[in-house]
Every structure is written in C-alpha cells, then in structure tokens.
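Just the one chain here, the form predicted on its own, laid out as structure tokens.
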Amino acid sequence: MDENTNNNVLVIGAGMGGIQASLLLAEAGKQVYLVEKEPLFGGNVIKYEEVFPNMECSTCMIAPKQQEVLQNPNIELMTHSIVEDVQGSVGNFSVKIKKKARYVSLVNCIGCGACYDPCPVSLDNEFEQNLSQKKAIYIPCPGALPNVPVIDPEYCTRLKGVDECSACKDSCMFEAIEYDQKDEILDVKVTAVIVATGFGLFDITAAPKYGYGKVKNVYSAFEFERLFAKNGPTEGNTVLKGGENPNSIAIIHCVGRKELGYCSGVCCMYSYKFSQYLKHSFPDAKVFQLYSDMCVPGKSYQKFYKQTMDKGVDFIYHEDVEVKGNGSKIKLNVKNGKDKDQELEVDMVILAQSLKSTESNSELAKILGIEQDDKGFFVSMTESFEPASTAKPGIYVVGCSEAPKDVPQSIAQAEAAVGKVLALT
C-alpha cells in the first residue's frame, strides 16, 4: 500500500451478500459506498415469503439489516444508481457513480402513497413478475425500502414531453415531487471493491415443452413465490387464474439445466420449500416433485428434504417431461426411462428454473477489468483457495455474482471478502 491508501470501500449490489459485507466493513470503521441499480434494496430475498431450510420469515430476517444500513453513518446507500467507471489499482481506485434522478425527494417524501392513484399511466410490475400493475410513479412492492417512490421517465407523460400532467405533484402535500431532478455523477476514491450483483433466471420461453405462457396455470418459480408472499399481488392468496384453490400441483425441477449446462444447486431446495408452502395452505392437495436429479447437500438440507417427504409429497423421477393443456386441467407426459411413459393430470404446474448470471455482468466486467467464465459469472481464484478474490488485486466477488448459491453461502463468501479487504490495511 502507498500513502494514498484510503479508508473507503465500494460495494456493488445491495442484496444479502452486499448488505452483510457493508455492515461488517462499517463496523470495522470503513466508509462504505453501497451502490444498487434498483430503486429499492434487499435483492431477491425480499421477494421470498420464507427462507429454507428453517422456513424463517424472509422479511423478519432482512428488514433489521436494512434498517442497520439506513441508520449506519459509515454506509452511504445509493439506490437507483450504477457504477460507470473504475480506474486505478488496489488501495487507490477512482470510481464514477451515476445516481439516476428519482424525481421524488428522499427527504420530503413520507411514503404515504397518495401520488399513485392519480397517475393516469398503468404498467406491468416487473418486480411482481407482471402479476400486477404499477403506475409511472411507484414503489415495487409494499414494504420496499427506501419507502419512497420513483418516477419512470420512459412512461411518465410529463417527463416524456407528451403533456403537462402534474397529477402526482398535485396530490402531494409535502412537495416531494421534483420533475426538475437531474442525474448526478459522483467521483469517489476507494481502496477495494466488492461485487455482489446477484443472479438472473433462465428464460423459460426458451423451453416451449413446458407450456409456459401457453398453458393456463403454468407458473415460473418467482411467480409462485410472489403469489404466496403476503406482500405480493394477491396478499398470499395462492389461487388458480380462475380463482379456485389448486387440488393438485406438479413442481418440475431442473428447468434450464440442460440449456445452461450446470446445476444451480438451490432449485431442489426451493422446490421443497414450495411443497411446504402448498401443504400449509392446502393440506389435502396432491403435490408432485418431478426430479431428474437431486441436490441436497449438508445435514440441515437432508433434514429439510425428509420433512418435505413426511408431508406426503410424491417424488417422481423423470428423464424428460412435456406439459400440455387439457381443458381445465394440465396434462404432463413424464418420460421415466421405463417402457411406458407416466401421465399426470394436475391443476397447477410450477417450473423450478435455473439461476444464471445477470445481464449486467458483461458491462461491469469491462468496467472493473475482471474476467467472466463461459457462463457469464465472474471468475474467482477458487482453485487457489481464494474463493472471493479475483485476478485483479483489491476486487472481490461474492454470492451469485460468482456462481449460484443459497443465502448462507452468499453471506459466508461476503464475510470472506470483508476479511480480505480488512487485511489490506
């Protein structure tokens, strides 16, 4: 280290890994710049109702950590922001951060929500897997933090210059709507960078045999997660599209595994979690787990697997499965490697899709000067027993930015990265 070494650290991505790293660094006296591209923070975990293997309340787990981040003077949280440039070397990185205009004051807004209904624009809500609508001014879901909406300039008729609409501003008595906000560019110096950009999901439409988008009541994993969540679009009321309760549900594992060429390692576990969701809501429903392989590592996960079996869930091996509509039912043709295929008829199908790298990784890899593997994940020095380190000193990767992981694994790698950063000074 030279005399220019500073006490600042950049953390990119404010999911569980990024939050854990930031809190530990702040506790050690570091100044943390926590950058999150979404207008809220918490990552994918905030979409879950419960977390395996102990079926903990997801909100109860992450909300206290979110509050710690918001209240910690050593953490500067920048939501709705992206890293545009990184220059320099370990101990002395120069970083350019773009804070996108929110068009709503983080200081004046009290989160009352009075500005939503007057907005004349309605859009599909991507956060809710397009299962509900949002306005051009919105928060992604109830309980989002910060509890301050953002205006989407792509759809707001005023910001697009279509008209002089001021419906949201007129409805706000706290003068929180600021149409004249501009994007900001911040230049900061940091000694190290931790990358925690999370994961993407396999595009199920690339595998038409599963009937997604064509057969009624075939859901992706995250669609079902949001249907069950109490802060989701149906407030936890898991029903079929006609409003009826499902009496039979098939959960198909490994959707995307062949196409992506690897096992995501967590899909079996979250499929078992879905079975427990269903058996809790509909004890008499028939639940089928259609698996082509099993990934149940560790003693706690084996216990979770057994708990799922004990609830009366049927496990069916398959080499391939095809999903078709059959009137009000869904027909599954299950190829089990035997002489005769098995047929199932169910009310609902849930597709356990594989985890993949995020689309933004490619651009970020260029900005940081670090490598990606052939699947798009950032490359760490795992084979050299440096699981969080990259080939570029001072830049570390954690969680699903490096490979598919569950929450405990992501947190453990974040803690390893923090140890590496603290060892620099």
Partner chain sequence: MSDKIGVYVCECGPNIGEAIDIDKVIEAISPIEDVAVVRRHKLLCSGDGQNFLVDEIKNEGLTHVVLGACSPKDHEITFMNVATRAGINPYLIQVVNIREQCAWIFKDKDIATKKAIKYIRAGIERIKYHKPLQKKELDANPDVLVLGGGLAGIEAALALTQTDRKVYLVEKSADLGGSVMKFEKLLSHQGFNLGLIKEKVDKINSNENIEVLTSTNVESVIGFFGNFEVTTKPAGEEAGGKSFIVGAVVVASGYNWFDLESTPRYGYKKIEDVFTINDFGRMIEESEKLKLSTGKEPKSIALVHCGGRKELGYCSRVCCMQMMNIGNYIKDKYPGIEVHELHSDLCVSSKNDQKYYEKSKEKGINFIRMKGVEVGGKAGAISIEYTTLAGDKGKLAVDMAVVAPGMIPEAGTPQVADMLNVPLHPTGFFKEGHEKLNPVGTTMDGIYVVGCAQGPKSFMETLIQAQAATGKIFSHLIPGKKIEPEVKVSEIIEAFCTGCQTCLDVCFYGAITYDEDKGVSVVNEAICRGCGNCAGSCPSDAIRPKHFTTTQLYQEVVEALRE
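Residue numbers count along the first chain shown, from 1. For clarity, every value in this text was computed on a predicted model and none was experimentally measured.
Another form, the form predicted in complex with the partner chain, is not on view; read the next lines as being about it.
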Assert contact residue (the partner chain, in the model of the complex, non-hydrogen atom within 4.5 Å, options 138, 291, 202, 274) equals 291
Position in contact with the partner chain when the complex is considered in the model of the complex, options 394, 53, 39, 42, heavy atoms within 4.5 Å
53
Does the 4.5 Å heavy atom contact test between residue 283 and the partner chain in the model of the complex come out positive?
no
I'd like to know whether residue 24 contacts the partner chain in the model of the complex, with contact meaning heavy atoms within 4.5 angstroms.
yes
Is residue 155 close to the partner chain in the model of the complex, meaning a heavy atom pair under 4.5 Å apart or at it?
no
Heavy atom to heavy atom, is residue 338 within 4.5 Å of the partner chain in the model of the complex?
yes
Check for me: heavy atom within 4.5 Å of the partner chain in the model of the complex, for each of 16, 296 and 418, yes or no.
yes
If contact means any heavy atom within 4.5 Å, which of 298-306, 213-221, 325-333, 125-133 contacts the partner chain in the model of the complex?
298-306
Could you list the residues in 390-425 that come within 4.5 Å of the partner chain in the model of the complex, counting only heavy atoms and keeping sequence order?
402, 403, 404, 407, 408, 409, 411, 412, 413, 415, 416, 418, 419, 420, 422, 423
